[in-house]
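Single chain ahead, written as structure tokens, the form predicted alone.
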Amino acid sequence: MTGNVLALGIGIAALGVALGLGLIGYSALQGMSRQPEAIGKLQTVMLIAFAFVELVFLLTVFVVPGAMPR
């Protein structure tokens, strides 16, 4: 039972990360197309947002299984 819940949770986390990364990329590209002069600033913000989203997923994958009761 615990393994099923863990697999479901990781799957939901992966789905959330995929949606988040897609929205970040979409929004950044829209902003870059509207204001080409701000590409450098937008890329920096986009990469920081990517890093935070990936961090949440990595914490989910590596920390949550260790915290689950056996």
Partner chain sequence: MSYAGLFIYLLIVLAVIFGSMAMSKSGLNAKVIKNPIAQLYEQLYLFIENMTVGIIGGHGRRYIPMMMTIWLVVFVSNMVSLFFPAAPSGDLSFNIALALVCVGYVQWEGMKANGVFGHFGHFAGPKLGLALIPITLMIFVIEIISEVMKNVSLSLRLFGNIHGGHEAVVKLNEIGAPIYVPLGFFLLPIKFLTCIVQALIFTLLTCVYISLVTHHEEEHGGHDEGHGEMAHAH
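Remember, predicted model here, so these are calculated numbers, not experimental data. Residue numbers count along the first chain shown, from 1.
Omitted from view is the form predicted together with its partner chain, to which the following refers.
J.: If you check in the model of the complex, is Thr44 within 4.5 Å of its partner chain, heavy atoms only?
T.: It does: once its partner chain is placed as it appears in the model of the complex, Thr44 has a heavy atom within 4.5 Å of it.
J.: Can you tell me if Gln35 lies within 4.5 angstroms of its partner chain in the model of the complex, counting non-hydrogen atoms only?
T.: Close contact exists here: in the model of the complex, Gln35 approaches its partner chain to within 4.5 Å, heavy atoms only.
J.: Can you work out whether Ala18 and its partner chain are in contact in the model of the complex, taking contact to mean some heavy atom pair no more than 4.5 Å apart?
T.: Although its partner chain is absent here, Ala18 would stay clear of it in the model of the complex, with no heavy atoms inside 4.5 Å.
J.: Look up in the model of the complex whether Leu59 has a non-hydrogen atom within 4.5 angstroms of its partner chain, and give yes or no.
T.: Leu59: contacts its partner chain in the model of the complex.
J.: May I ask you to list the residues of 45-62 that have any heavy atom within 4.5 angstroms of its partner chain in the model of the complex, in sequence order?
T.: In sequence order, Leu47, Ile48, Ala51, Phe52, Glu54, Leu55, Leu58, Leu59, Phe62 come within 4.5 Å of the partner.
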